[in-house]
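Encoded as C-alpha coordinates, the following chain is the form predicted on its own, with no partner shown.
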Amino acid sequence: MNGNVVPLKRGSAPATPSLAPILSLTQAAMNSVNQVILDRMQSEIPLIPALAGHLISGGGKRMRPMLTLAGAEVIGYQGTRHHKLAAAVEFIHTATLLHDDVVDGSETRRGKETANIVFGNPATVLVGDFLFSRAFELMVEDGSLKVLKILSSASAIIAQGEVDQLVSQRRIETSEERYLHIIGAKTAALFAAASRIAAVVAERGEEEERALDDYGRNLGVAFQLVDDAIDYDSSAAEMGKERGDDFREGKMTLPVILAYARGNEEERRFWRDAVAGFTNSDKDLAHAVELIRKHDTVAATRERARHFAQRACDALAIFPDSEARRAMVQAAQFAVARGY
(Lines give C-alpha, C1' and ligand atoms only; values in the text may rest on other atoms or scores of the structure.)
Protein backbone atom coordinates (compact mmCIF):
# COMPACT_ATOMS: atom_id res chain seq x y z
CA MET A 1 0.00 0.00 0.00
CA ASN A 2 1.29 3.51 -0.73
CA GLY A 3 1.26 6.46 1.66
CA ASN A 4 -1.80 8.17 0.21
CA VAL A 5 -4.80 8.67 2.46
CA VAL A 6 -8.48 8.88 1.55
CA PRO A 7 -9.84 11.26 4.20
CA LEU A 8 -12.66 10.29 6.53
CA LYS A 9 -12.68 13.50 8.53
CA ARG A 10 -15.86 14.65 10.19
CA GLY A 11 -16.02 17.78 8.10
CA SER A 12 -15.52 16.00 4.78
CA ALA A 13 -18.08 13.23 5.24
CA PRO A 14 -21.56 13.65 3.78
CA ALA A 15 -24.08 15.18 6.20
CA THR A 16 -25.96 11.89 6.17
CA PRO A 17 -23.74 9.05 4.94
CA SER A 18 -25.71 6.56 2.91
CA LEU A 19 -25.45 3.22 1.18
CA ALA A 20 -27.23 4.78 -1.82
CA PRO A 21 -24.06 5.29 -3.90
CA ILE A 22 -22.85 1.69 -3.50
CA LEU A 23 -26.39 0.37 -3.99
CA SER A 24 -26.64 2.32 -7.24
CA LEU A 25 -23.17 1.23 -8.33
CA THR A 26 -23.93 -2.46 -7.85
CA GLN A 27 -27.65 -2.57 -8.66
CA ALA A 28 -27.43 -4.22 -12.09
CA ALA A 29 -24.93 -6.84 -10.95
CA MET A 30 -26.89 -7.43 -7.73
CA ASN A 31 -29.95 -8.33 -9.81
CA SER A 32 -27.89 -11.13 -11.34
CA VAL A 33 -26.62 -12.19 -7.92
CA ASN A 34 -30.15 -12.27 -6.54
CA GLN A 35 -31.22 -14.49 -9.41
CA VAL A 36 -28.40 -16.92 -8.60
CA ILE A 37 -29.46 -16.89 -4.95
CA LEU A 38 -33.08 -17.54 -5.87
CA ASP A 39 -32.16 -20.38 -8.24
CA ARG A 40 -29.71 -22.10 -5.88
CA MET A 41 -31.88 -22.00 -2.76
CA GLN A 42 -34.46 -24.14 -4.53
CA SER A 43 -34.91 -27.80 -3.63
CA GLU A 44 -37.38 -30.60 -4.21
CA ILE A 45 -37.91 -30.50 -0.44
CA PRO A 46 -40.27 -27.51 0.06
CA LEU A 47 -39.06 -26.75 3.61
CA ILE A 48 -35.62 -25.77 2.32
CA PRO A 49 -36.61 -22.81 0.08
CA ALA A 50 -39.33 -21.81 2.54
CA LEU A 51 -36.93 -21.57 5.47
CA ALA A 52 -34.03 -20.10 3.49
CA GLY A 53 -36.33 -17.56 1.88
CA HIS A 54 -37.66 -16.52 5.29
CA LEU A 55 -34.26 -15.03 6.10
CA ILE A 56 -32.90 -14.19 2.64
CA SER A 57 -36.00 -12.15 1.76
CA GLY A 58 -36.00 -10.45 5.15
CA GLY A 59 -34.52 -7.13 4.08
CA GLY A 60 -30.82 -7.49 4.87
CA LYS A 61 -28.32 -4.98 3.53
CA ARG A 62 -26.50 -7.58 1.38
CA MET A 63 -23.29 -5.85 2.46
CA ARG A 64 -20.96 -8.78 1.86
CA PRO A 65 -21.91 -9.64 -1.74
CA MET A 66 -22.10 -5.91 -2.41
CA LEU A 67 -18.41 -5.67 -1.48
CA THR A 68 -17.54 -8.31 -4.07
CA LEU A 69 -19.45 -6.35 -6.72
CA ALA A 70 -18.04 -2.97 -5.68
CA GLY A 71 -14.50 -4.37 -5.58
CA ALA A 72 -14.94 -5.55 -9.16
CA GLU A 73 -16.08 -2.06 -10.15
CA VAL A 74 -13.19 -0.26 -8.45
CA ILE A 75 -10.62 -2.38 -10.32
CA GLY A 76 -12.52 -2.21 -13.63
CA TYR A 77 -13.38 -5.90 -14.00
CA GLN A 78 -15.73 -6.47 -16.94
CA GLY A 79 -16.62 -10.15 -16.54
CA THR A 80 -19.40 -11.93 -14.65
CA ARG A 81 -17.61 -14.65 -12.66
CA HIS A 82 -18.01 -12.63 -9.49
CA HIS A 83 -21.82 -12.86 -9.64
CA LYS A 84 -21.88 -16.51 -8.56
CA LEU A 85 -19.15 -15.89 -6.01
CA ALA A 86 -21.07 -12.99 -4.51
CA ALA A 87 -24.04 -15.35 -4.17
CA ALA A 88 -21.75 -17.87 -2.45
CA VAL A 89 -20.68 -15.16 0.00
CA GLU A 90 -24.31 -14.40 0.81
CA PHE A 91 -25.07 -18.08 1.33
CA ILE A 92 -22.16 -18.39 3.76
CA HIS A 93 -23.40 -15.35 5.65
CA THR A 94 -27.00 -16.55 5.71
CA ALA A 95 -25.95 -19.99 6.94
CA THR A 96 -24.02 -18.43 9.83
CA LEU A 97 -27.04 -16.28 10.74
CA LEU A 98 -29.31 -19.32 10.83
CA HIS A 99 -26.88 -21.16 13.07
CA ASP A 100 -26.27 -18.10 15.27
CA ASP A 101 -29.97 -17.63 15.92
CA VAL A 102 -30.22 -21.22 17.12
CA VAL A 103 -27.16 -20.88 19.36
CA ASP A 104 -28.33 -17.55 20.79
CA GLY A 105 -31.98 -18.54 21.06
CA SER A 106 -32.88 -15.37 19.16
CA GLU A 107 -36.55 -14.62 18.56
CA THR A 108 -36.47 -11.72 16.09
CA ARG A 109 -34.23 -10.55 13.26
CA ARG A 110 -34.91 -7.58 10.98
CA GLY A 111 -38.30 -7.14 12.61
CA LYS A 112 -39.46 -10.71 11.87
CA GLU A 113 -39.56 -13.88 13.90
CA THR A 114 -36.36 -15.83 13.38
CA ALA A 115 -36.40 -19.06 11.37
CA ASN A 116 -35.71 -21.13 14.48
CA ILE A 117 -38.89 -19.77 16.07
CA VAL A 118 -41.00 -20.36 12.95
CA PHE A 119 -39.55 -23.66 11.77
CA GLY A 120 -37.73 -25.04 14.82
CA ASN A 121 -34.06 -25.51 15.68
CA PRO A 122 -33.38 -28.80 13.84
CA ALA A 123 -34.71 -27.56 10.50
CA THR A 124 -32.90 -24.23 10.87
CA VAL A 125 -29.52 -25.90 11.49
CA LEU A 126 -29.97 -28.32 8.60
CA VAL A 127 -31.01 -25.62 6.12
CA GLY A 128 -27.98 -23.63 7.23
CA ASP A 129 -25.88 -26.67 6.31
CA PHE A 130 -27.66 -26.81 2.95
CA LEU A 131 -26.75 -23.19 2.23
CA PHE A 132 -23.11 -23.81 3.15
CA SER A 133 -23.13 -26.71 0.67
CA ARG A 134 -24.62 -24.52 -2.05
CA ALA A 135 -21.91 -21.93 -1.41
CA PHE A 136 -19.18 -24.48 -1.93
CA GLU A 137 -20.86 -25.78 -5.08
CA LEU A 138 -20.71 -22.26 -6.50
CA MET A 139 -17.03 -21.92 -5.56
CA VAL A 140 -16.17 -25.21 -7.26
CA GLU A 141 -18.08 -24.19 -10.38
CA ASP A 142 -15.95 -21.05 -10.60
CA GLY A 143 -12.90 -23.28 -10.87
CA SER A 144 -10.38 -21.06 -9.06
CA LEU A 145 -8.47 -22.86 -6.31
CA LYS A 146 -7.37 -19.49 -4.98
CA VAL A 147 -10.97 -18.30 -4.58
CA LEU A 148 -11.87 -21.62 -2.98
CA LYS A 149 -8.98 -21.26 -0.54
CA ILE A 150 -9.92 -17.68 0.40
CA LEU A 151 -13.61 -18.40 0.99
CA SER A 152 -13.15 -21.79 2.65
CA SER A 153 -10.52 -20.30 4.96
CA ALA A 154 -12.87 -17.45 5.82
CA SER A 155 -15.63 -19.97 6.61
CA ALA A 156 -13.34 -21.83 9.01
CA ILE A 157 -12.24 -18.58 10.67
CA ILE A 158 -15.87 -17.49 11.13
CA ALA A 159 -16.71 -20.78 12.82
CA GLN A 160 -13.70 -20.45 15.11
CA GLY A 161 -14.72 -16.88 15.93
CA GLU A 162 -18.22 -17.98 16.86
CA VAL A 163 -16.83 -20.69 19.15
CA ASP A 164 -14.43 -18.17 20.68
CA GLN A 165 -17.35 -15.82 21.36
CA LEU A 166 -19.30 -18.68 22.94
CA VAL A 167 -16.35 -19.48 25.21
CA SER A 168 -16.03 -15.80 26.15
CA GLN A 169 -19.73 -15.41 26.87
CA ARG A 170 -20.46 -14.54 30.50
CA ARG A 171 -16.76 -13.98 31.21
CA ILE A 172 -16.34 -10.53 32.70
CA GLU A 173 -12.55 -10.74 32.33
CA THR A 174 -12.79 -10.61 28.51
CA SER A 175 -10.39 -7.88 27.34
CA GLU A 176 -10.79 -5.37 24.53
CA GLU A 177 -7.98 -7.14 22.69
CA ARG A 178 -9.78 -10.50 22.94
CA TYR A 179 -13.05 -8.89 21.84
CA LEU A 180 -11.41 -7.36 18.75
CA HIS A 181 -9.88 -10.74 17.92
CA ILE A 182 -13.32 -12.36 18.12
CA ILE A 183 -15.07 -9.85 15.86
CA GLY A 184 -12.11 -9.91 13.48
CA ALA A 185 -12.87 -13.59 13.00
CA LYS A 186 -16.65 -13.86 13.21
CA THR A 187 -17.46 -10.74 11.17
CA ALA A 188 -14.45 -9.16 9.47
CA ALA A 189 -13.09 -12.35 7.90
CA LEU A 190 -16.01 -12.66 5.49
CA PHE A 191 -15.97 -8.92 4.69
CA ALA A 192 -12.29 -9.29 3.80
CA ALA A 193 -12.74 -12.43 1.71
CA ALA A 194 -15.77 -11.01 -0.12
CA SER A 195 -13.75 -7.95 -1.10
CA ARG A 196 -10.55 -9.79 -2.01
CA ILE A 197 -12.03 -12.31 -4.42
CA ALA A 198 -12.94 -9.49 -6.80
CA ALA A 199 -9.23 -8.92 -7.44
CA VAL A 200 -8.62 -12.65 -7.82
CA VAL A 201 -11.24 -13.16 -10.56
CA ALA A 202 -9.92 -10.06 -12.31
CA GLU A 203 -6.42 -11.61 -12.17
CA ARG A 204 -4.94 -8.57 -10.50
CA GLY A 205 -1.73 -8.56 -8.47
CA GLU A 206 -1.10 -9.12 -4.79
CA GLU A 207 -1.15 -5.39 -4.06
CA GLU A 208 -4.72 -4.99 -5.33
CA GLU A 209 -5.79 -8.16 -3.53
CA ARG A 210 -4.29 -6.95 -0.27
CA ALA A 211 -5.86 -3.50 -0.63
CA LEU A 212 -9.35 -4.93 -1.07
CA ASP A 213 -8.75 -7.41 1.76
CA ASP A 214 -7.67 -4.55 4.06
CA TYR A 215 -10.68 -2.50 3.06
CA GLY A 216 -13.13 -5.31 3.78
CA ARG A 217 -11.44 -6.43 7.00
CA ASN A 218 -11.37 -2.96 8.55
CA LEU A 219 -14.90 -2.20 7.36
CA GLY A 220 -16.06 -5.45 8.95
CA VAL A 221 -14.57 -4.54 12.32
CA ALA A 222 -16.11 -1.05 12.15
CA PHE A 223 -19.47 -2.55 11.18
CA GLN A 224 -19.49 -4.98 14.12
CA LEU A 225 -18.35 -2.33 16.59
CA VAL A 226 -21.32 -0.19 15.61
CA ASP A 227 -23.67 -3.19 15.76
CA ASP A 228 -22.58 -3.77 19.34
CA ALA A 229 -22.98 -0.09 20.22
CA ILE A 230 -26.48 -0.05 18.71
CA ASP A 231 -27.61 -2.83 21.03
CA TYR A 232 -27.47 -0.30 23.89
CA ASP A 233 -28.37 2.81 21.92
CA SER A 234 -31.38 2.19 19.66
CA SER A 235 -34.97 1.06 19.79
CA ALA A 236 -35.98 -2.42 18.66
CA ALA A 237 -37.78 -0.85 15.71
CA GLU A 238 -34.54 0.68 14.47
CA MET A 239 -32.43 -2.40 15.08
CA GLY A 240 -34.76 -5.08 13.78
CA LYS A 241 -34.14 -7.15 16.89
CA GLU A 242 -34.89 -6.92 20.58
CA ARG A 243 -32.94 -4.23 22.33
CA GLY A 244 -30.61 -5.66 24.94
CA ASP A 245 -30.18 -9.09 23.34
CA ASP A 246 -26.42 -8.93 23.94
CA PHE A 247 -27.00 -7.92 27.57
CA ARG A 248 -29.36 -10.82 28.28
CA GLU A 249 -27.03 -13.30 26.59
CA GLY A 250 -24.08 -12.13 28.69
CA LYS A 251 -22.02 -11.11 25.66
CA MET A 252 -18.91 -9.11 26.47
CA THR A 253 -19.10 -6.45 23.78
CA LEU A 254 -17.01 -3.29 23.81
CA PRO A 255 -19.59 -0.95 25.43
CA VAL A 256 -19.75 -3.36 28.39
CA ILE A 257 -15.99 -3.97 28.53
CA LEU A 258 -15.38 -0.21 28.70
CA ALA A 259 -18.20 0.44 31.19
CA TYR A 260 -16.81 -2.27 33.49
CA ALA A 261 -13.28 -0.86 33.22
CA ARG A 262 -14.44 2.69 33.97
CA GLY A 263 -16.93 1.82 36.72
CA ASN A 264 -16.60 2.04 40.48
CA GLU A 265 -16.74 -1.09 42.65
CA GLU A 266 -20.53 -1.00 43.00
CA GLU A 267 -20.95 -0.70 39.22
CA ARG A 268 -18.49 -3.50 38.63
CA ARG A 269 -20.43 -5.72 41.00
CA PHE A 270 -23.54 -5.04 38.93
CA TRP A 271 -21.73 -5.96 35.72
CA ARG A 272 -20.34 -9.15 37.22
CA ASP A 273 -23.84 -10.23 38.25
CA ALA A 274 -25.36 -9.17 34.92
CA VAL A 275 -22.79 -10.94 32.77
CA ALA A 276 -23.12 -14.06 34.94
CA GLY A 277 -26.87 -14.01 34.25
CA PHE A 278 -28.04 -13.20 37.77
CA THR A 279 -29.53 -9.82 36.85
CA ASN A 280 -31.06 -9.55 33.37
CA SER A 281 -34.55 -8.10 33.84
CA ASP A 282 -35.83 -5.05 31.96
CA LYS A 283 -34.97 -2.98 35.03
CA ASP A 284 -31.43 -4.35 34.97
CA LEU A 285 -31.14 -3.56 31.26
CA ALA A 286 -32.26 0.01 31.95
CA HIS A 287 -29.56 0.29 34.63
CA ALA A 288 -26.96 -1.12 32.24
CA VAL A 289 -27.90 1.49 29.63
CA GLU A 290 -27.68 4.17 32.32
CA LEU A 291 -24.14 3.09 33.25
CA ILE A 292 -23.10 2.91 29.60
CA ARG A 293 -24.39 6.45 29.09
CA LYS A 294 -22.69 7.63 32.28
CA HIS A 295 -19.31 6.45 31.02
CA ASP A 296 -20.03 7.37 27.39
CA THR A 297 -18.97 3.95 26.13
CA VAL A 298 -21.27 3.92 23.09
CA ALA A 299 -19.50 7.05 21.85
CA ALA A 300 -16.14 5.46 22.66
CA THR A 301 -17.11 2.35 20.72
CA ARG A 302 -18.20 4.42 17.72
CA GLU A 303 -14.93 6.36 17.90
CA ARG A 304 -12.99 3.13 17.65
CA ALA A 305 -15.22 2.19 14.71
CA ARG A 306 -14.21 5.46 13.03
CA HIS A 307 -10.58 4.44 13.34
CA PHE A 308 -11.18 1.16 11.51
CA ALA A 309 -13.37 2.87 8.91
CA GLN A 310 -10.52 5.30 8.23
CA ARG A 311 -8.16 2.38 7.74
CA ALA A 312 -10.65 0.85 5.30
CA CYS A 313 -10.72 4.05 3.28
CA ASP A 314 -6.93 4.40 3.35
CA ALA A 315 -6.64 0.93 1.81
CA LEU A 316 -8.45 2.20 -1.30
CA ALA A 317 -5.82 4.87 -1.97
CA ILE A 318 -3.98 2.65 -4.48
CA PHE A 319 -6.97 2.87 -6.83
CA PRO A 320 -7.67 5.93 -9.02
CA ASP A 321 -10.44 8.27 -7.96
CA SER A 322 -13.71 6.99 -9.39
CA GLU A 323 -17.40 6.67 -8.68
CA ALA A 324 -16.74 3.17 -7.34
CA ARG A 325 -14.04 4.30 -4.91
CA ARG A 326 -16.19 7.17 -3.66
CA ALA A 327 -19.12 4.82 -3.15
CA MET A 328 -16.95 2.44 -1.13
CA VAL A 329 -15.67 5.31 1.00
CA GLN A 330 -19.22 6.41 1.72
CA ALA A 331 -20.13 2.84 2.65
CA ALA A 332 -17.45 3.05 5.34
CA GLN A 333 -18.86 6.36 6.53
CA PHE A 334 -22.34 4.83 6.66
CA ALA A 335 -21.05 1.87 8.68
CA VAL A 336 -19.98 4.26 11.44
CA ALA A 337 -22.89 6.71 11.33
CA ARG A 338 -25.81 4.30 11.01
CA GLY A 339 -28.39 3.79 13.73
CA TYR A 340 -29.65 0.38 12.62
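For clarity, every value in this text was computed on a predicted model and none was experimentally measured. Don't overthink the numbering: it's just position in the shown sequence, from 1.
Form predicted together with a further copy of the same chain: not shown, discussed below.
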Taking a further copy of the same chain as it sits in the predicted bound form, is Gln160 in contact with it (heavy atom to heavy atom, 4.5 Å or less)? yes
Test of understanding: in the predicted bound form, would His93 fall inside 4.5 Å of a further copy of the same chain by heavy atoms? no
Spell out, yes or no, whether the shortest heavy atom distance between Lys149 and a further copy of the same chain in the predicted bound form is within 4.5 Å. yes
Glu113 near a further copy of the same chain in the predicted bound form, any heavy atom under 4.5 Å? no
Check for me whether a further copy of the same chain, as it appears in the predicted bound form, comes within 4.5 angstroms of all of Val127, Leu145 and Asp164 - heavy atoms only. yes
Only one of these stretches, 136-144, 245-253, 219-227, 69-77, has heavy atoms within 4.5 Å of a further copy of the same chain in the predicted bound form; which one is it? 136-144
Quick one: of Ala29, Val36, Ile48, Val289, which gets a non-hydrogen atom within 4.5 angstroms of a further copy of the same chain in the predicted bound form? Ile48
Tell me, which of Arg262, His181, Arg170, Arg269 has a heavy atom within 4.5 angstroms of a further copy of the same chain in the predicted bound form? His181
Would you give me the residues of 108-125 that have any heavy atom within 4.5 Å of a further copy of the same chain in the predicted bound form, in order from first to last? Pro122, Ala123, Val125
